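In structure tokens, one chain follows: the form predicted on its own.
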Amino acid sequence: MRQSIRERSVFLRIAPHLIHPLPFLFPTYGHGLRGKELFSLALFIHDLIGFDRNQGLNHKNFLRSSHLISKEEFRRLVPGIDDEGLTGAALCYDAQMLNPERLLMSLAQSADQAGAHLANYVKITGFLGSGDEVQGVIARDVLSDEKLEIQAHLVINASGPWANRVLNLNQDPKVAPVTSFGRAFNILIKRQLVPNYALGVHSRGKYKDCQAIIQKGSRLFIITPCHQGSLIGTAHLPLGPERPHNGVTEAEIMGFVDELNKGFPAGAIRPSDIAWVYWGIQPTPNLDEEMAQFSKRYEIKDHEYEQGIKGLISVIGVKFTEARHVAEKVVNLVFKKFRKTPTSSLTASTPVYGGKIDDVEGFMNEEARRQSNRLSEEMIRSLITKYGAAYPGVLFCLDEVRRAWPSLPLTQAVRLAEVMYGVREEGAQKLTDAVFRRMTIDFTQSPPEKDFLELCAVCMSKEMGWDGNKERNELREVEEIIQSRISPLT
């Protein structure tokens, strides 16, 4: 708990434009595990352990003290909540990351500024070295098909759900899989069920947590405001040997929605409400045929210590919140393996690229005033919440877009400028990079129209020097992803 609270505060400090405090509500019932008495104790312990959570933060980013609220106040905030046995709610503060893609890009740019060499679309195909010693990797540039040999004193396998696949390339029988994996998904719906608050609601069905000391008897759904809608999760499912690394089925989505509606009938979620389905692969400690449960602890495996393979470390992360802490521990291990003393890590206090802003709200107000002759306040705020203090780079591209497409509506021109900036400054190589991982789309609104996507393809084609076939293929790939992620139930 102490570690999670500390890392949450770190992100609020180093990426204040991308992370912000969010109040969470958990209804209390009776006098047992969900009662006010136990929640009151838990909230007290939480705040006591995180006594210094606001150190170094702007007061507007403070994580306030937790407390209980009355049944009447909770009903006002969450109309339609299950009333039977309701005694009130616990109110505590966490932090929300609305745009993980932008945070990842900011971290990558920070690494680049610090001297790291970055290469996207490079796939490992094997290891260099002989016997029980890894001396680098054999890789392939996926876009150019160029073969690469990258020599290294130490290789860190931080490939997430592909960790076992990477280890298999070593072809040493001593190297065992690092963990098992399962699927996980959240749904994004077009309505804000609880504005301004995240809400935890319990399922009606029985649920067993294989890692818990005390069984709560049901699973917890978290409903979080997200853009103009609500993000709801998380469902955990087995990976399935017959369909590795695939998406989720209509039946699995509907099963999740049905269970959610039973736990929170006031939500009354319909298939047509679903705007987008986020899914991915997560580490899981059990391989239950019906339900997987995600791991709650990261793992750092030194293969020299465990299997006698020198020069190889594998890292299995779990929560984005802990990513910086885990990275620090891995780097310290690298120093130790080279018999050197680790230098003090600065990542807990160094702002990410674009994050050097003392007062985000004040910065937004000042920039909106300064740029009022170019863009609306809403547009400036939107750019700052994505790019932070680095947003003027997008405005520079906007000037070029306006010259090339003078009749284009301003909102679309800004989006096109983001595509251009993504190519020039953020290493976007494909249209999918620009659309899904550089600029961001609020899928709680209507999906981007085909005409606009075609314009994005034309803009990127000019930047990248694509021919007509390449441009059409890139556009088709974007359209296929949108079709697959927008609920098939509508």
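Everything numeric in this text was worked out from a predicted model, so none of it was measured. For every residue, the number given is its place in the sequence shown, counted from 1.
One more form of this protein should be noted, the form predicted in complex with a small molecule, which is absent from this view; the next part is about it.
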Handout entry: Partner-contacting position among Lys123, Lys147, His153, Lys336 - heavy atom within 4.5 Å of the small molecule in the model of the complex
Key = Lys123
Exercise for the section: Answer with one of Ser376, Gln192, Ser159, Thr411: the residue that has a non-hydrogen atom within 4.5 Å of the small molecule in the model of the complex. Expected result: Ser159
Completion exercise
With a 4.5 Å heavy atom cut-off to the small molecule in the model of the complex, the contacting stretch among 106-114, 128-136, 356-364, 272-280 is 272-280
Practice task
With heavy atoms only and a cut-off of 4.5 Å, decide whether Val330 touches the small molecule in the model of the complex.
Solution key: no
Practice task
Report whether the minimum heavy atom distance between Val166 and the small molecule in the model of the complex is within 4.5 Å.
Solution key: yes
Exercise for the section: Using a 4.5 Å heavy atom cut-off, state whether Thr234 contacts the small molecule in the model of the complex. Expected result: yes
Practice task
Spell out, yes or no, whether the shortest heavy atom distance between Asn261 and the small molecule in the model of the complex is within 4.5 Å.
Solution key: no
